[in-house]
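A lone chain, given as structure tokens: the form predicted on its own.
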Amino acid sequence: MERQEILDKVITLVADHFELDPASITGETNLTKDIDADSIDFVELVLEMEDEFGAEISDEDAEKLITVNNTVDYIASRAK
């Protein structure tokens, strides 16, 4: 899967989960500060990403997913 395709899917997931305009989300969007996600919201989002991309994201790794770009890079590095 190409990075751009992953980015588009992550932006769509974030926008749908938090009821945001996808155009307002960029690679630099901080998932906790810019979106104001609490820990439960973030866990739910990680679970949705696991389902979408068919990859398990450990709790330790999930803590490192600060921005959309961090998330895309993480997924891209594990995509087959």
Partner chain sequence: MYKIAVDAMGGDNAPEAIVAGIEQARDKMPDTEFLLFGQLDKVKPLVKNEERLTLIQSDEIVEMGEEPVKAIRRKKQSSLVMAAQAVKDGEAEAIFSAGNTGALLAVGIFTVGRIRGIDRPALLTVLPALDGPHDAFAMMDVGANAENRSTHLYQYGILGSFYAQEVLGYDNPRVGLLNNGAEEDKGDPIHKEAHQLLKHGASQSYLNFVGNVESRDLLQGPADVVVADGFSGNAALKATEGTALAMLRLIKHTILDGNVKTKLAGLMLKPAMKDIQSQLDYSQHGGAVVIGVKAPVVKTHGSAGPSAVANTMGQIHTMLETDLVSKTEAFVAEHKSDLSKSAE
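Small disclaimer: the values here were computed from a predicted structure and weren't measured. Residue numbers count along the first chain shown, from 1.
Another form exists, predicted together with the partner chain; not displayed. Remarks below refer to it.
**Student:** When the contact criterion is heavy atoms within 4.5 Å, does residue 50 count as touching the partner chain in the predicted complex?
**Tutor:** Within the cut-off, so yes.
**Student:** Residue-level contact is defined here as any heavy atom of the residue lying within 4.5 Å of the partner chain in the predicted complex; does residue 9 satisfy this criterion?
**Tutor:** Residue 9 lies outside the contact set for the partner chain.
**Student:** So, residue 41 and the partner chain: in the predicted complex, are they within 4.5 Å at any heavy atom pair?
**Tutor:** Within the cut-off, so yes.
**Student:** How about residue 46 - does it come within 4.5 Å of the partner chain in the predicted complex, if we only consider non-hydrogen atoms?
**Tutor:** Result yes; residue 46 sits at the interface with the partner chain in the predicted complex.
**Student:** For the partner chain, considered in the predicted complex: do all three of 3, 21 and 70 come within 4.5 Å of it, counting heavy atoms only?
**Tutor:** Contact check failed for every one of 3, 21 and 70.
**Student:** Going through 1-39, which residues have a heavy atom within 4.5 Å of the partner chain in the predicted complex? Please give them in sequence order.
**Tutor:** If the 4.5 Å heavy-atom criterion is applied to the partner chain in the predicted complex, 1-39 yields 16, 17, 19, 36, 38.
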